[in-house]
Ligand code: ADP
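The chain below stands alone and is given in structure tokens; this is the form predicted on its own.
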Amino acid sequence: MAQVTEREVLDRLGTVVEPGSGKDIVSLGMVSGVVVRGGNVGFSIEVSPQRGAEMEPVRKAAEDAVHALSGVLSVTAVLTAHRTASAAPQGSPQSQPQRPPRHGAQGQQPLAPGVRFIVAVASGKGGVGKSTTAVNIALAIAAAGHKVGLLDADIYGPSQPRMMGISGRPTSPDGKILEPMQNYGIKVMSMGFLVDEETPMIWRGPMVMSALQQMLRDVNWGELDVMIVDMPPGTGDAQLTMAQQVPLAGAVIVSTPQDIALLDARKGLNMFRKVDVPVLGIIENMSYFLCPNCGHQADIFGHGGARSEAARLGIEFLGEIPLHLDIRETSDSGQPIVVSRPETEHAVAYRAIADRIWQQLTAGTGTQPRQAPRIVVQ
């Protein structure tokens, strides 16, 4: 099968006409973010916010045009709306309510309708081991007999394909819905399956938000007890999209013990609170280093900071995970410690954390569908 090229995609898109001008969407500069991996193609079509609904037929026509190319397995086109300064509403930012789209609005399919609980694993900053924590929690919940999915929401730095030991790309039997990749009994979706590992994602916020929505809506997740979402670090567009538009049952905050990490973790926690997402608790990762030779415990980043922060904020402290070579090696090799070395104390610690999360979910937290909140910028 011949490899589809970006040039071929753009040539096909050049046949799609924007009805208002009578010109094609490529010459009008409306097409951006073209991604081609194997037979999977993705791109965005930039439109003005007020024309989003009427441009849906153009989006569909663009998908159909590219799908007609030989060798194309799936096509994902998203409409992205950019508001220019001249088009912004009049009045000060303080007076303008920001109303995010509601879950399943405007006739679109609901996001992951078969998933009982969606849990975000988040951090206020990078480098705290959030992805390692997310994958081991997901595997620990699955080990307890539950159906689990793992969504890698870090568009710019996806790491779950490597951590889960999955290569290749997802298939789409009908050209519309992608089949998630699987390993260790878990369904997984990540931008890392669609883009080469060393390819940078140079996407603007609206494109990232559309990609996250489609990885939830246009993937055959099926019936799941829990979906663990590995969030990108920080409190930017991707985090706000997930918090506002996805019916999250709760969020888990990962931090290391030192003050600067806890400061950023507090920002992430407060973001979820402001959009009415329950915070299930804090995990202290890299809590201490236990020398494998002499058994001496060294508090490299301090110790107990997350526990104290949880007590101060009135949320649960879910547990602590040490800084240990085995955890790093198993994650890098695609054999996370919960499944490759389940008898170790580290795997036991992850399972205890997962059990506590499950207990909170089934005790009532997040069992009611959560509507997207109304956000007012002040």
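Numbers follow the displayed sequence, beginning with 1. Because the structure is a prediction, the values reported are computed rather than measured.
The same protein also exists as the form predicted together with the ligand; that form is not shown, yet it is the one meant from here on.
Query raised in the report: Do residue 54 and the ligand share at least one heavy atom pair within 4.5 Å in the predicted complex?
Result: Outside the cut-off, so no.
Query raised in the report: Is there a non-hydrogen atom of residue 342 within 4.5 angstroms of a non-hydrogen atom of the ligand in the predicted complex?
Result: Heavy-atom contact with the ligand at 4.5 Å: absent for residue 342.
**Report entry** 4.5 angstroms heavy atom contact with the ligand in the predicted complex for residue 67
**Finding:** Outside the cut-off, so no.
Query raised in the report: Are any of the heavy atoms in residue 131 no more than 4.5 Å from a heavy atom of the ligand in the predicted complex?
Result: Residue 131: yes, in contact with the ligand in the predicted complex.
Query raised in the report: At 4.5 angstroms, heavy atoms only, are 163, 285 and 327 all close to the ligand in the predicted complex?
Result: All three within 4.5 Å in the predicted complex.
Query raised in the report: Out of 185, 114, 127, 168, which one falls within 4.5 Å of the ligand in the predicted complex, going by heavy atoms?
Result: Here the answer is residue option 127.
Query raised in the report: the ligand isn't shown here, but in the predicted complex which of 353, 30, 321, 35 has a heavy atom within 4.5 Å of it?
Result: Checked against the cut-off, the match is 321.
Report task. Quick one: find which of 242-250, 119-127, 221-229, 70-78 has residues within 4.5 Å of the ligand in the predicted complex by heavy atom distance. Result -> Looking at the partner contacts, the answer comes out as 119-127.
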